[in-house]
Ligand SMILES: Cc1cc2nc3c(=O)[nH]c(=O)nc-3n(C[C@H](O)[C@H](O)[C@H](O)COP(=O)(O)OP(=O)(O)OC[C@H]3O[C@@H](n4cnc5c(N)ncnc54)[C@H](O)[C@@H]3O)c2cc1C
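Here we start with a single chain on its own, the form predicted on its own, put down as structure tokens.
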Amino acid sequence: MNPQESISLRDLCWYRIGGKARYYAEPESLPELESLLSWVHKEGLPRFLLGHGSNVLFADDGFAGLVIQTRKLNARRDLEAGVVEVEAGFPLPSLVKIANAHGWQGLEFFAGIPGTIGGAVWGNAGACGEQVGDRVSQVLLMEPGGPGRWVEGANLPWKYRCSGIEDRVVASVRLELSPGADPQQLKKKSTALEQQKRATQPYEPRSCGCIFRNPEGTSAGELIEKCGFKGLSIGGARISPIHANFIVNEKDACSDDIERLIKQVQRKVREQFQVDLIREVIMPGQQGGRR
């Protein structure tokens, strides 16, 4: 497939921020994804895999390589009771609902987390002490020049908000859940968790979810709040008065507004608590890599 050129990134992420991608493509099959990865490697350009855009802050000056949007890679098949295979672009909220309806225990804790299964696996998304990686049996990983290979989940170095997949591309995932649970109880648990999140987090404003990972033994939001930063704003960006680990695009913020807030928070928390806050939000650099 031929990538499109000069595509705005603003409408592709929850923040509604970002310049233009030099190239952009939406593969509809895994062979198309494989072809795009080979093309961008041959051209010597950076690439960025974009799912639902819920945890991404693009640069104001855009992205100088190829942005690959995975939302059309959404095939799913049930291999056996409790074992499901889904392509990278399958929405995590939809997968939670399907698993709950089948009585397959293991994903109910991830209700209310936006994004795709590919992004969730790559970043080892978690909630309530549970991690997606705990349910991954195999991952189909692609690299330039090859058709991809299935890797056992047990062979990946899972840790907090990290899968160890790094620059490889998550193409498809096999999850192993626990069949035989009561669907109504799973739905009830998911509903309660989602309601709790909506009551304590800024769901409506444009944001990217939590900005920072939680340090061991405490929460980033608590440290930021103790610094007196709730409600602090720079330009059009504001630290949410609802939850201090969220920065919202309140008034047509630019990426620089949010980056300045991030740096200010990191500096103050380091000074006051001797804790280095690590970003959870993904910030693709204009020339590739991370800002």
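Keep in mind that what you see is a predicted model, and the values were worked out from it rather than measured. Counting begins at 1, following the sequence as shown.
This next part talks about the form predicted together with the named molecule, which is not shown.
Chemist: Classify H243 as contacting or not contacting the named molecule in the predicted complex by the rule of any non-hydrogen atom within 4.5 angstroms, answering yes or no.
Modeler: Taking the distances in the predicted complex, the answer for H243 is no, it never comes within 4.5 Å of the named molecule.
Chemist: Could you confirm whether N100 comes within 4.5 Å of the named molecule in the predicted complex, counting heavy atoms only?
Modeler: No, N100 stays farther than 4.5 Å from the named molecule in the predicted complex.
Chemist: Using 4.5 Å between non-hydrogen atoms, is L50 touching the named molecule in the predicted complex?
Modeler: Close contact exists here: in the predicted complex, L50 approaches the named molecule to within 4.5 Å, heavy atoms only.
Chemist: Could you confirm whether S54 comes within 4.5 Å of the named molecule in the predicted complex, counting heavy atoms only?
Modeler: It does: once the named molecule is placed as it appears in the predicted complex, S54 has a heavy atom within 4.5 Å of it.
Chemist: Is it the case in the predicted complex that K20, W39 and L66 each bring at least one heavy atom within 4.5 Å of the named molecule?
Modeler: Negative, none of the three is within 4.5 Å.
Chemist: Mind telling me which stretch in 76-84, 202-210, 187-195, 100-108 gets its heavy atoms within 4.5 Å of the named molecule in the predicted complex?
Modeler: Every other range fails; the passing one is 202-210.
Chemist: Of 213-229, which residues get within 4.5 Å of the named molecule in the predicted complex if you count heavy atoms?
Modeler: Nothing in the stretch sits within 4.5 Å of the partner.
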